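Shown below, as structure tokens, is a lone chain in the form predicted alone; questions about how it binds or moves come after it.
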Amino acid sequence: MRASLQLHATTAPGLEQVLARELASLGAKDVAPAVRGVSFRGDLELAYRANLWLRTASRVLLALGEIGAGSREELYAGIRAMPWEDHMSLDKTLAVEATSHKSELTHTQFAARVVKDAVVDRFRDRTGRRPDVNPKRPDLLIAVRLLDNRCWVSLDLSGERLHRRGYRPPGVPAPLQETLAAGVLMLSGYDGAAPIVDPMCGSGTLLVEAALMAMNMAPGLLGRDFGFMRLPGFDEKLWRGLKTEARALVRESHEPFVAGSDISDDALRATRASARTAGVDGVIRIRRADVADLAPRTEGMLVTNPPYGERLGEQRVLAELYRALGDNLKHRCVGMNAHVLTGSKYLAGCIGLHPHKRDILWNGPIECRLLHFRMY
């Protein structure tokens, strides 16, 4: 029987309940949503499976313990007392990320430096050598969260953030992270079975994420590596087996029921490149078209993330785009459900329709509304 581990998955604000449902479907125990994340319990297999399958998680953390952090000395002593030699060897590199809220140690870079010093000093005292630090691509990333003068210490099992699936072409702007796009689709009720259209697809993130869901393809199969692969005790046989199982579950489909359009040729090229790299180009159909030329539809769903500008002048220019979207929904999409993510209340009002439901999400620092419309 494998040991039960205390784990935590982080996500964007507003997606905590979606992530909790994902974790429950994977067999996680004691699933407890919190702000920007979900705590849960599971064995090593579940930790690997979470990194492989989760669509809305930013990272998966392994909790190591809780210590006092009311002062620099208390934090240093607590970290130094932990058995870091069980989690890394001297030939590996490390880095520390810290967050702080309502604690004496408010400066996160200072707290991270204290933790780093405590870890390397423990190695130096026991072996005479210190592991190297690599702040950009460490073998071991230690995450510490300070709250009310307590410190929760975790190891990052994901490595690079999980939204970096690996299919986006280099240099292409990312107005919508892959994990947020997947969350938008799930909050909209998309299950991979119904036809779906995005009439302002941009670089295609919503389309690619929808196609991955339609094909039941685990996002962790897209060729990246993970932090847990560099930890002592990495079970390569178990990991290979989970990937083999995931590949066998992929639904091969050649009918393009994920459709998108955009007025920008650059955007369409980026969408095609992303779809090819992700291996879902067989289920995505795209064309060059203005939102005013949206083809009439009576089934399936529409999900889109139109541009919303950052300044009032930009929003006034975009108002006509939103009015055209609203007109097309009213006259060409009767019988469909439509879901629009926007960061502008002004532009949301320009759609001219009353949503039956709203979800509050955060796209980076921008508070957004996911508006749900029923087109009777």
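Remember, predicted model here, so these are calculated numbers, not experimental data. One-based numbering along the sequence shown.
Separately, the form predicted together with a small molecule exists; it is not shown, and the next lines address it.
Checked against the small molecule in the model of the complex, the candidates Cys201, Ile196, Val280, Leu157 yield a single residue with a heavy atom inside 4.5 Å, and that residue is Cys201.
Interface residue among Asp235, Asp290, Asp121, Glu85, judged by heavy atoms within 4.5 Å of the small molecule in the model of the complex: Asp290. Partner proximity in the model of the complex, defined as non-hydrogen atoms within 4.5 angstroms of the small molecule, places exactly one of 261 to 269, 223 to 231, 102 to 110, 146 to 154 at the interface: 261 to 269.
The closest heavy atom approach of Thr179 to the small molecule in the model of the complex falls outside 4.5 Å. Put simply, Gly326 is far from the small molecule in the model of the complex: not one heavy atom of it is within 4.5 Å. Among heavy atoms of Pro306, some come within 4.5 Å of the small molecule in the model of the complex. Proximity of Pro175 to the small molecule in the model of the complex: non-hydrogen atoms within 4.5 Å are present.
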